[in-house]
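Only one chain is shown below, in C-alpha cells, and it's the form predicted alone.
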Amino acid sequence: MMDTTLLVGPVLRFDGNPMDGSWQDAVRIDTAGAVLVCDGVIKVVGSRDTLLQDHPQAARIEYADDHLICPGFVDAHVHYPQTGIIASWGKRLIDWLNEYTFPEEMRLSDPAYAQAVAARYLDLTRAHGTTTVASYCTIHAHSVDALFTAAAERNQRVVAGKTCMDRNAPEGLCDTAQSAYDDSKTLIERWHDNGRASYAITPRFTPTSTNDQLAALGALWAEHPDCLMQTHLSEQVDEIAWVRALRPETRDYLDTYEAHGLIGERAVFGHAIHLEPREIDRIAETGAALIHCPTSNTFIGSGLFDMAGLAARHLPVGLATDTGGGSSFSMLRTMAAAYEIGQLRGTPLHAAELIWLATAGSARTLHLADKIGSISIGYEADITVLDLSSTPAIAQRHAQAKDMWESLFATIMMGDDRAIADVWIAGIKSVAA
C-alpha cells in the first residue's frame, strides 16, 4: 500500500537559477500551495484547493500561513569528524589543523567513537533542517563506513569520502599513495550508488598530499569518473604561499591538482577565495564547482568570497557550513553570513538567492540537482518546513513584513533550530533523536 501524504501551506518553488538573472523570474512562493508525497517521492506540486479535491484520502498536514515548505538544506562541504571541536578559539587555518583538527581526527581511529560522532553529527544537522551533506571523513576507512551507515539508517542522502594525506600531518593520520588508492577504491565499491550514498574521492589539500598521492587519486578518479572529487583550494593567503613553496614548478594552486588529473566537471573545490584569473578561467572551462563557506571564512580569518564575480562567470556555486572551521551547524546562519559577506563586497544577496544556494545551488555542485534541492515532481521528498514566527523577535518582524520574502529574510538573519518546524527525509517525517 502506498504511503501518501499531502503537505499544505506556502511552498517555495524554483523555475530557474536566480544567480543567472532576475531572482523574480527564477524563484516564487505559492502562498496557497500543496505538495503530494508518495513513497518518498514528490508526486504532485500545485494549488491547495486542487490537491485537496483530487487527493481526499491522503494523510494531510496543514501548515499555517507563517510557515514555508522548502527543499531540505544541502550542506556541500563539511568535516563531520570536527563536530566535537566546532567553535574552538583563535586559530587560522594551519594552526587550526595542528591544534584542533588533527588531534580530534586521531580520536576517530576508534571505530566506536567514529560511529558516535557520525550519528551525533547527522542528528544535529537534521535538527537545523539539513537533509544532505558532503563530508570529508578521516584517513580511517571505518570513519567513512560510520557516516554512510548512520545515513543509511536514516535513509539520508550523503556524499562522503576518506580524507587522504601522506605528508605534513601526524604519523597516525598519514596513509600512503598506494593505501589511499586502495582504501578509496574499496570504499567506492562498497558505498558508491549504494542506496542514497555517493562517494567523493578526497585529497585534503595539496600541502598534505605528495605528487605521488595526488597522481594515484587522479588515476582512481579516471577509473571511476562518476564519483565526485572534493578538495580545498585557495582558502588563505599563507596556505597559498605554502603551496607555492611546496610546488614551485606549478603555475598556481589549481595547477597542483590539474597536473594530476584532479580537475573536471565533477570536481568540487571548497573555499576558493583568493583565485588567480587563470584559475577562474580554467574552472569555468572545465565546469568544476566552488563551495562558499562564509562562517568558516570569517571565523578563521580567510577572506571574502567573490560570489557576484564568480556567479557572473556562470560557475556552479554551492553553500556550506564547513563544520567545524565553520562556527555553526545551521544553514540559516550560513545564509546570513553569506549575506553579510555580500554586503562587505557591495553585492548583497536577496533571500531568494540565499535559499537557492542552500538547496538547489548546492545540489547542483554535487551533481544531485535531478534528485534533491527542489520541490519538484519526481524529486526525492527531502523537505524542510520553516516557521517564520519561531521566536518573539522574529514573529514581530514577520507581523510587519510586506511580503513572504521580507519574512523569510528575517528568519534567515535571525533564525536557528527553533525555526525548523519539520524535516522530511525521503518522505518520512523526522523525529528528534
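Each residue number is its position in the shown sequence, starting from 1. Predicted, not measured: the structure shown is a model, and the values here were computed from it.
Beyond what is shown, the protein has a form predicted in complex with ligand GUN; the following relates to that form.
With respect to ligand GUN in the model of the complex, the three residues 269, 292 and 364 uniformly fall beyond 4.5 angstroms at the level of their nearest heavy atom. Between the options 79, 126, 157, 140, the residue in contact with ligand GUN in the model of the complex by a heavy atom within 4.5 angstroms is 79. Scanning 93, 108, 317, 336 against ligand GUN in the model of the complex with a 4.5 Å heavy atom cut-off leaves one residue, 93. Proximity to ligand GUN in the model of the complex, taken as heavy atoms within 4.5 Å, picks out 294-302 from the listed stretches 278-286, 347-355, 294-302, 126-134. Among residues of the shown chain, residue 322 is one whose heavy atoms approach ligand GUN to within 4.5 Å in the model of the complex.
Looking at residue 191, you'd find every heavy atom of it more than 4.5 angstroms from ligand GUN in the model of the complex.
In the model of the complex, ligand GUN lies within 4.5 Å of some heavy atom of residue 232. In the model of the complex, ligand GUN sits beyond 4.5 Å of every heavy atom of residue 162.
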